[in-house]
Ligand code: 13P
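Here you get one chain, nothing else, as structure tokens; it is the form predicted on its own.
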Amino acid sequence: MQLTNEQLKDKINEYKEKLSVTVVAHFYQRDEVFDLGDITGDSLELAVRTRDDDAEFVVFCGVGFMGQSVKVLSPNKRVLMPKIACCAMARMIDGTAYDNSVKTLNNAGISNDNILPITYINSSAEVKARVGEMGGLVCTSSNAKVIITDALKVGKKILFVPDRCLGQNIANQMGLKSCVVDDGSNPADADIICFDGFCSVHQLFSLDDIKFYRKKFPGILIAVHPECDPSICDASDFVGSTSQLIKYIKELPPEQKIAVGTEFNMVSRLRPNNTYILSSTKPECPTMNETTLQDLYDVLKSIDDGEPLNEIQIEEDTQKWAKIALERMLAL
């Protein structure tokens, strides 16, 4: 017999009390899943907070690279995912695509010794490991500027993967020159060379959307995520990571209208009035929304049955170098 959502919630809570398990949920999850998270937040924040948790099992409601990050930082934990959904941006680059990008720089006269790679947290453990082996490190959208500022001190070219928009936006903020791998320009002329990846959700926002809201509500603020196109970020009043957006919006006066350019589920929880989605279409991440209450129930039941589903496993050498890349970031 098919259980209702309320019945599933009751069963999930029963398992949470019975089992040595912590349910972790990203901001972009469906409301009904997010509400059941013992730890909620943004991707790296979740991996770091989970590291200090005592439960044997972590059930991570998010996308694949996030579950991998938990396992990389906490190799002794058993990490399961209700649904191993894959971030579209993370899928745009694998080890081979990374190696090809490095070769493109080599062909432009930039040796490996003069490349410092930085990978956005939205990447697989395989890519993080490649970056770690080359002496590079990981960044998030909230600390990318700090990481890049420090990285530039060594005088090398920055290879930034996989999100070209975040790389270009940080370069613009810092007055640096950027280019995209294989866009026809000479990488040797750029400070930051970006892989041609992107977030499909954050590409939905347009300058027409901004013009529409500014005309409809004079004085409205526009706040967007740095995964948006540089033209959108340049036309906005505030650009920040998920956690920075939440803080910025919560501190606004209640009467201040704001249009927000990021994932729908997160924005819909911010505040009930004077908050708008900066898009004529619903900017909902399809992979983040794959996880359902049924999936969460099934994975918890599998633990109780002694046959855990969807456990994250990472090859030992990949684990080692990905952890080094992450710990280099955390050290800063």
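One rule holds for the numbers: they count along the sequence shown, beginning at 1. Bear in mind the structure is a predicted one, so any value in this text is a computation, not a measurement.
The same protein also exists as the form predicted together with this ligand; that form is not shown, yet it is the one meant from here on.
Colleague: If contact means a heavy atom within 4.5 Å, which one of 180 to 188, 204 to 212, 116 to 124, 149 to 157 is the stretch that engages this ligand in the predicted complex?
Modeller: Going by heavy atoms within 4.5 Å, the stretch is 116 to 124.
Colleague: Is it the case that residue 66, even though its partner is missing from this view, gets within 4.5 Å of this ligand in the predicted complex, heavy atoms only?
Modeller: Answer yes; at least one heavy atom of residue 66 falls within 4.5 Å of this ligand in the predicted complex.
Colleague: Does this ligand come within 4.5 Å of any heavy atom of residue 43 in the predicted complex?
Modeller: Although this ligand is absent here, residue 43 would touch it in the predicted complex, with heavy atoms inside 4.5 Å.
Colleague: Does residue 242 reach this ligand in the predicted complex, with heavy atoms at most 4.5 Å apart?
Modeller: Yes.
Colleague: Contact with this ligand in the predicted complex for residue 28, defined as at least one heavy atom pair within 4.5 Å: yes or no?
Modeller: Contact check for residue 28: yes, within 4.5 Å of this ligand in the predicted complex.
Colleague: From first to last in sequence, which residues of 204 to 234 have any non-hydrogen atom within 4.5 angstroms of this ligand in the predicted complex?
Modeller: Going through 204 to 234 in order - heavy atoms within 4.5 Å of this ligand in the predicted complex - the hits are 225, 227.
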